[in-house]
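Here you'll find one protein chain in two forms, each presented separately as structure tokens under the names structure 1 and structure 2.
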Structure 1
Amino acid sequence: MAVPGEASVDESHVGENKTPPGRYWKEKQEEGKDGQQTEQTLQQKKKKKQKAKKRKQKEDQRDGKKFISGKSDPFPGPAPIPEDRVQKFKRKDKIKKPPHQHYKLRDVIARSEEASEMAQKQAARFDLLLPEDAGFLEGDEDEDTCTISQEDIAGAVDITSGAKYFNLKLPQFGPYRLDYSKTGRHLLLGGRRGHVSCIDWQSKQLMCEINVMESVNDVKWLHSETMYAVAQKKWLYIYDSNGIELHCIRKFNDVLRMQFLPYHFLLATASATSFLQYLDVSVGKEVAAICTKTGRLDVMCQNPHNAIIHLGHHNGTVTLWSPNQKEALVKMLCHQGGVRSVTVDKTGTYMVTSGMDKKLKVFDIRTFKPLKSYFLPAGASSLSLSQRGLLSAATGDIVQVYRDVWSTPVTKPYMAHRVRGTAWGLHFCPFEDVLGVGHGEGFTSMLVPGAGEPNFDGLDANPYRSAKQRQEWEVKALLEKIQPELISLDPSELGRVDHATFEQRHQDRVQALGFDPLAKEKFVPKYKKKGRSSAGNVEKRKKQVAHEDQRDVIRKTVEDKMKMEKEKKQREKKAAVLSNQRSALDRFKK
């Protein structure tokens, strides 16, 4: 133990920086040591100031303030997002949270809303980086854009874009049908006389080239560029990208046209025997075989929005089909003669048809009514719609491109080009301003400014993905595959509640049980000890719960009333604005 008379210890176990605490029994140090103690005190104060400064900097950084060259950020926190852009990506209104006793459900709803709000803000931020409009071809004063040739466009654009205009001279095995892959990177050509080839058309690299030694009716890429289907004279064949035959499916005979549904992994085929068949390429099984009883099926397209198949017939009708029903969902009389071609835009809103009566008609699929009708002197044998809404129509050896065919009356084409033979197939390349034309003399790649979507979704269709990324995407797509039973005219019906069916089931359940299981249970106070469950306390708790329920009802009533008043004020304001506008007929009023 320390004794008051003993000498003080010079070295401390804490360290040299800290001096031992002073004791009241110790004698005052000599005057010679006063200068040394003053220096130590100043050093300690200096170190304390530095520590306090560092601590303050850390606290400020935690609060969101960034330091640049030791100065605080004048604009702390994340950059603000315009409200209109946030509203553009708003998915749903906030859900009313359940009472406190359902605390787990409240937490789940809160986390879901936080994730939805974060996704909404991120989408709004990324939207600022995307260009608003795609560029279109614009001519000089009093110059029609349809008179500008492909050579002039290729000479005016940069070298990379100019290389996308080219011709493949293949007169021996034509005419050709074509198909671009979902990413727009690869091109598949199928000649009527048996020639089939796969090309990486941007680098002009030939992937494979075969001759099947019999006539080819149609070609179609499957879920990726590693496999494609060829509708040959007798049966349907599946090949890989090296030209090796993988399958010969003899159930699918006399196939004339094909469409692939990418999110369902379904290959839909239309045959000369009037059969519409669906093949699930992920398991190699036939999902449905429907006899349409309408004769030869050589006009076919799909609705990208809801995966409904549209078939054109010789009697001028267009029928809509789903693999879930043996009868047509909709029958529309579109033309007075036979239907030559059908196409649907990517939003699933508009359908464009051409017929033997030399008319080009635009229909609104939501109401199944015609919007516009145009007369073409020679009719259109083939139609195709781009991602940005440009319509291409082939008439003999002339390919015309039209713009805004469903919003404004069109009097002249946006672009026109003459190919070397009769056009047999048209297809716009995804994410590129390119139109592929298959004709009797081979293949032509046209430049059509404003045709492709400039902003691609890298998680869905990435033109620049590697082999590893493609494999990972394929696994994910198979896991997220949509079942064919979910194909319907209105895809949003899947997320709705069928109230009529729910009420009927609820009534049946009440009759079977003898009581209503969904009815609100009567509040029964819990028994408490130590005299807290006296009659007065129990009654007090019952009244408190009753008052809370009543307050909820009153609050809901007041909210509904305020909402109605707000809507009424908005209507009155709109009516006042309209009444202030003067009309040309006002001069006749007294």
Structure 2
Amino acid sequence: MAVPGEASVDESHVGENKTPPGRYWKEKQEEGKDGQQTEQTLQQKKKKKQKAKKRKQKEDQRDGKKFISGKSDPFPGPAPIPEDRVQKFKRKDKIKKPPHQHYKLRDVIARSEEASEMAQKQAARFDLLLPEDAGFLEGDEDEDTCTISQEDIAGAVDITSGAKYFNLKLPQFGPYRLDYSKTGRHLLLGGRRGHVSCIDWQSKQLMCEINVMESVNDVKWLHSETMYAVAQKKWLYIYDSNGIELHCIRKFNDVLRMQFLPYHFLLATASATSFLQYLDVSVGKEVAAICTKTGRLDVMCQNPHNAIIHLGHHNGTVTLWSPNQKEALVKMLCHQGGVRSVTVDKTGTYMVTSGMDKKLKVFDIRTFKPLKSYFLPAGASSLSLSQRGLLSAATGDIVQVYRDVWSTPVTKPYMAHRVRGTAWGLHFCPFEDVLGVGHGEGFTSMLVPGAGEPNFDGLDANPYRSAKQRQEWEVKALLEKIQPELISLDPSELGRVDHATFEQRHQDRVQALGFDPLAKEKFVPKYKKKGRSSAGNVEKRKKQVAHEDQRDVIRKTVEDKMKMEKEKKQREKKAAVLSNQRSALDRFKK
């Protein structure tokens, strides 16, 4: 290939002539006249396609005559996008292209891949324009961030943010459980002794306050801030935001904990009678009732990535449930002694548990393997994970917040705060740097910089939505309610090719037709004239084809072998690196 940059330098006459600063009409004339100019623009176009590296090398050689000023464009081509941003929007790997005879399929795949790549790039570009940045907290030298008090933080930040640190003194009806609505605007408090109130916590407006005159086990917002569920002493109740009782659901008794699956419109409840029940709140029907046969269920959380319910038990196991199966999907032995609290992160990758053995453990729930184990002197009674992966753990009346619990070994908490009574409920507020703590003496709203997702999606959960927008969202969300049958461990399973069914259908087809329509045709040599189709010749040709086929098979096996060997080597290398590290026990070796 000719080097376009050099050619343009040699042939350009505009630069040599040193014409006075151009005028647009003059420029136009020239462009029309000489072929070299157009050639150059053509070459420039060609150049765009080349790699960025090459472009950089040739940048100085090229003089952009397109510009009146005579200056060249210092940033030619489309702006580069950082690789990690593109990676963030990657959905799946590239598919291996089908063989040439399936040219239509090839074409379809090529087109769809092109489109998805473009979408990925556009999304990555859009990502650069997001308006807000996440919060952070950094101490001075020799200052631990965990020693910084809430008052200091509230004093250092702006007034509106400072007002997000507050205490509600409610000593009469505590301890309190709490729940933030999906948009993070509304707070629901449920006191053990019957006090239920919902608050627009940012403007500190009280929406309703009632006493149900019964013990309250748990409270949960339903899909929007107009309705909430309260698990009371005997039955499950639904109230609206004015505190009016809408339903008393007598099918759900002795409920201890609840979880709401927002995209499925399911309210999952765990009861003292060891029943896990699902209520479809859009039609008001019980979807599934599963007897777990594991005793009192008071530890529960949901995996927001795949809508699987995690239950913690007294014997130290954590079980995973879906409404479609009467048995647990997975049983994991996590702790010696009972499980006190479980929580799962937003991406559905990590599960954090705490148990009676005073340990805090992190599991990878894609592989169901333990990653980290920490010892907390007092043990954590409740856990909560924020949108950006901060972990809060309540030990007695102290609330600690940890950062990066799964990637790096943590020695110190990121933040710590002492509340007045024993912490009973913990919840991070979505899209805000706020942690709500319900305790024996009321409620505390803590500032935790870096907890919330800074940029929300207006069509999904918009904290600033108007009533009209909420109504519209509600209709759309109800229309695309996911059926409970689609809950499975891997939520992207639905988008994959169903090989099993295909094979079954193919077998049926072979049965019906009496032959395999997709089978490879047997090679029949063509008849050739002039004695070239003698028996020996035909045999020879057949052998050649068979030989080719065999070679293909051998090539494939060799490639597979090489691949395996390579992987093995890498594994060995890794092991060697690991074994070189000194362990704490090495000092006892002689």
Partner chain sequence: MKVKVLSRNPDDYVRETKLDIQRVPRNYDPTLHPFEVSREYTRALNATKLDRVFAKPFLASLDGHRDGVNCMAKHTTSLSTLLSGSCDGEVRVWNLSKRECGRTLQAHEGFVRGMVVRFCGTSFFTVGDDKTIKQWKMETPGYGEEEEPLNTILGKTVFTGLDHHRKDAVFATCGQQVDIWDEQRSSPIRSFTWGVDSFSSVSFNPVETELLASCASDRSIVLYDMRESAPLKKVIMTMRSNTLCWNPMEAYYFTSSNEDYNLYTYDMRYLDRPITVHMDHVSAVLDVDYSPTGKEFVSASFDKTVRIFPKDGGHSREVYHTKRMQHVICVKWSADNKYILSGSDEMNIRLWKANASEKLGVLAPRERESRNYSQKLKEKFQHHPQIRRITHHRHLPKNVYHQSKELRIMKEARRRKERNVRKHSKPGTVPVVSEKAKHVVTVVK
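Rigid core: the largest C-alpha set superposing within 1.5 Å between the two forms. Just so we're on the same page, residue numbers count up from 1 along structure 1's sequence. This structure is a prediction, so every number in the text was calculated from the model and none was measured.
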{"item": "Displayed copy of the chain that is the form predicted together with the partner chain", "value": "2"}
{"item": "K104 C-alpha moves between the two structures by 2 Å or more, core aligned", "value": "yes"}
{"item": "Cα displacement of Q122 between the two structures reaching 2 Å, rigid core superposed", "value": "yes"}
{"item": "Threshold 2 Å Cα movement between the two structures at I210, rigid core reference", "value": "no"}
{"item": "Displacement in Å of the C-alpha of A546 between the two structures, rigid core kept as reference", "value": "21.7"}
